[in-house]
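There is one chain below, alone, in structure tokens, taken in the form predicted on its own.
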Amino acid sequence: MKLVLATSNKGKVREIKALMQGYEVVPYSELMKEFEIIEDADTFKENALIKARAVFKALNEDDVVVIADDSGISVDVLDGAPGIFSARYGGEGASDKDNLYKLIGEIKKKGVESSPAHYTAAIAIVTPTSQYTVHGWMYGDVITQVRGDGGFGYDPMFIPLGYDKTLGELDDEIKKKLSHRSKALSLAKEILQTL
């Protein structure tokens, strides 16, 4: 079964391919020209569905399954921000680094050096006959310093519950077990096995 990913984010593609061994996983950008998908919903779930439906429709093939991930980090001291705006928190065209440093700055403005936070991943699966969504979460704390160069996005500032290292410092195998995305993808695999 070919799984087409409704993303061209290199970090997500790498992570999803590693977690979905046994499946042929192809980013949609290898099959067609990339196009803008407007994610204008209020939830991770709905934004994941928007992406998966748009790529499925553009592919116009019946023997394909499209999966899309919408994920982000929610920080308690910021009332859940950046949430669904995690990928563009630093503004239009912002890099992972821009987003990371903006979040650190916003937390510092609150006069604290850390805060409870959690990651959410929503995975949408779109087939010719059905649509599904699953979720995964990872809880911990964010800190106002960058530690480690592993992972991507906000990983160098996020310390998972029960650990004293950031995701940027932790080994990939440990991260795989803890990750919000790996939890959601393990549920997605159960659905894929029924198709």
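Position 1 is the first residue in the sequence shown; the rest follow in order. This is a predicted model, so every value here is computed, not measured.
Omitted here: the form predicted together with a small molecule. The next part is about that form.
- A residue is said to contact a partner when one of its heavy atoms sits within 4.5 Å of a partner heavy atom; A87 meets this definition for the small molecule in the predicted bound form.
- Taking the partner from the other structure, the small molecule in the predicted bound form has a heavy atom within 4.5 Å of a heavy atom of E39.
- Taking non-hydrogen atoms only, H180 approaches the small molecule to within 4.5 angstroms in the predicted bound form.
- D155 belongs to the set of residues with a heavy atom inside 4.5 Å of the small molecule in the predicted bound form.
- D96 is the sole member of D96, E113, E106, D76 with a non-hydrogen atom lying within 4.5 angstroms of the small molecule in the predicted bound form.
- The stretch that touches the small molecule in the predicted bound form, counting heavy atoms within 4.5 Å, is 64-72, out of 140-148, 23-31, 64-72, 127-135.
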